[in-house]
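Two forms of the same protein chain are encoded below as structure tokens; each is given separately, as structure 1 and structure 2.
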Structure 1
């Protein structure tokens, strides 16, 4: 009698109490991955789905064909946006602990994923984010006070308290409404890009999804339509090693890279060091140029690490070693870009410290202004009649009657 096959249930290599160990990760030297022409066929660059595109080495020196050769001023702008994102996150977690909002999600360690992409895209391109892409708004100079108002659901919240905290939305900033139903933004981004292309609109779309959400059907529906219709869209997978408390193996990372999933759909696939600002900027620019040339979609896996908990409701020490974030071999995106700028003699420790203080002051001032409009403890009074707004352009008679009956 043949033995029945066993069922494989993926398990993380390390558990709480274990010593952090990333020795199993293959981290190639910076600069060794070739940069193909934008019109290269997906099967001719298959190896890029399994490689790891890196520009900055451990000493902050840029190497290779993917080096974007950005000016020091542009690099400093990127550094500032990442630092401002981190300062904003830090304050919002503090106010959550004070009970002024119910929920928050930090992007610590992942700032380059959003900020570098925002700097590589055109300001008018439409972004379809998932969690931890607040750096897109900050890089596009969206007011911090407006973002805080949304987190507080106060009287100046443009979304009128209808979204969870950090589920931002801004048509003006090209930031599509975040959805708690993970994966939906991929299909939305592809649909938007198809519509733009059919209208001869020069803008492109970019979407972000977490590694865990690649197991959702929406991921595969989106790739099918993007491939069939050659939609001008960049599809980013943020592989930060953890989907809430489930590690990436549950979503299939033991079998292949997340980037490799694009190959089966005939989509070019790139795998990039997500903590390398220059590398993220370079691959996003490459994919954007390809999309604008009418050459279709690109799938990008951003290999990074979620340094903090999934949210303020999560305790990562319950499922991974406490010191693991500090041992991540690809380092910290802010520290790495700082090191690169110092090497160019365009930055210094003194300027960095001064900027940290200036940004902390900026966030503090924005926080005081936002809190003057109310917090979770004191909502500031969102008018109840707003529950009838924004569904129809012209309010139908039955809603007019319901509002009258409610005395509003």
Structure 2
């Protein structure tokens, strides 16, 4: 009888000091994956969970059935939102380093995940994001100043300083309140979609979760309920290959794709190049069409790479080769869409640089305005007694009492 050969603990191939190397990553060419009709039988679409849907090739040329054929204007709008997201992120990290707030999380390299989805969804569709989909708000033209006010917990922060930076909420923008507890929004999104279905409301829900957080129970609840009740929801898994310091193998990626998780529930599942704006747009549209047609949920794995640290509290050089991000073979979503647009002769290096500058100015102006309402360190703008509000709709006696005890 064989002996079990010890406990298997997945380990990334490379650690600090190693040369970045993605040569074992098989990347299929763009355009080869077929696009089934939205009402195809789920069991005929199983292979999509193991594929990688790509539209843009390495030269920025669009290929294949998933090509969404968006107008240059819409593409430029997408490019702009991704660039604005990046500009916003980089400023916010800078102000965090300056001590003006406690914490920040970038989405660098993953901007297409949120922005392309936002552009493919209807404005009224409801999003249940994680902390790394600030691109949704930006793509929905939500004011940067409002976002910054939240990051600063300043006097104009609509959340009254209650949440850590980047835990935005905007009912108006269809952006659900970010939770610090991983995964919880995923199963809530399905409940929202069930309610919408029960009202025959044409709006659908979309949810995002990180590769690491798929290990939480809520991921399973979401898939179960979405499948049982055929809820009109798009379940996105953002596989950026890292949790904090632990790589995606610790979340199960050694043995299967995350898209494949949908198969056990008969949920059509697509795996897509998450750095390809056109591909993300196309799969989101396809899933949204399915949901709106009453055909139920779709799972989308967005294969991408977390190009920077997990948050400002993290230092990825402690656990992976520093230069890895630059070598990521699926490239950068902004650079790829830019080169596509240039290929279409709808864009140029000059326009790109000018836009970059304009967006930096826009972010700077917003930053100034937001800082005029205070920052975390000098806030004082929010009346401290408000910390007792909103625990309940009406303040119960014991909180009135405690507020008094607090001298507030």
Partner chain sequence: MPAMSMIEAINSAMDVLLTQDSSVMVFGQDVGYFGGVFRATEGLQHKHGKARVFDAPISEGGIVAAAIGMGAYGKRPVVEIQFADYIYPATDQLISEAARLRYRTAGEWWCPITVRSPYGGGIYGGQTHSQSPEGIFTHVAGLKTVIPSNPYDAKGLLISAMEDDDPVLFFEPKRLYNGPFDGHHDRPVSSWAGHPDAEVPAGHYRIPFGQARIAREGSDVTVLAYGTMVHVALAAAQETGIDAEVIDLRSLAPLDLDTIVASVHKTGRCMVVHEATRTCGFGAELAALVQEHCFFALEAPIERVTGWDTPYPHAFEWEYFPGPRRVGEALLRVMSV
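Residue numbers count along the first chain shown, from 1. Rigid core: the largest C-alpha set superposing within 1.5 Å between the two forms. Please read all numbers here as calculations on a predicted model, not as lab measurements.
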Here the form predicted on its own is displayed as structure 1
With the core lined up, does the C-alpha of residue 17 move 2 Å or more between structure 1 and structure 2?
no
Superpose the two forms on the rigid core, then give the C-alpha shift of residue 393 between structure 1 and structure 2 in Å.
3.9
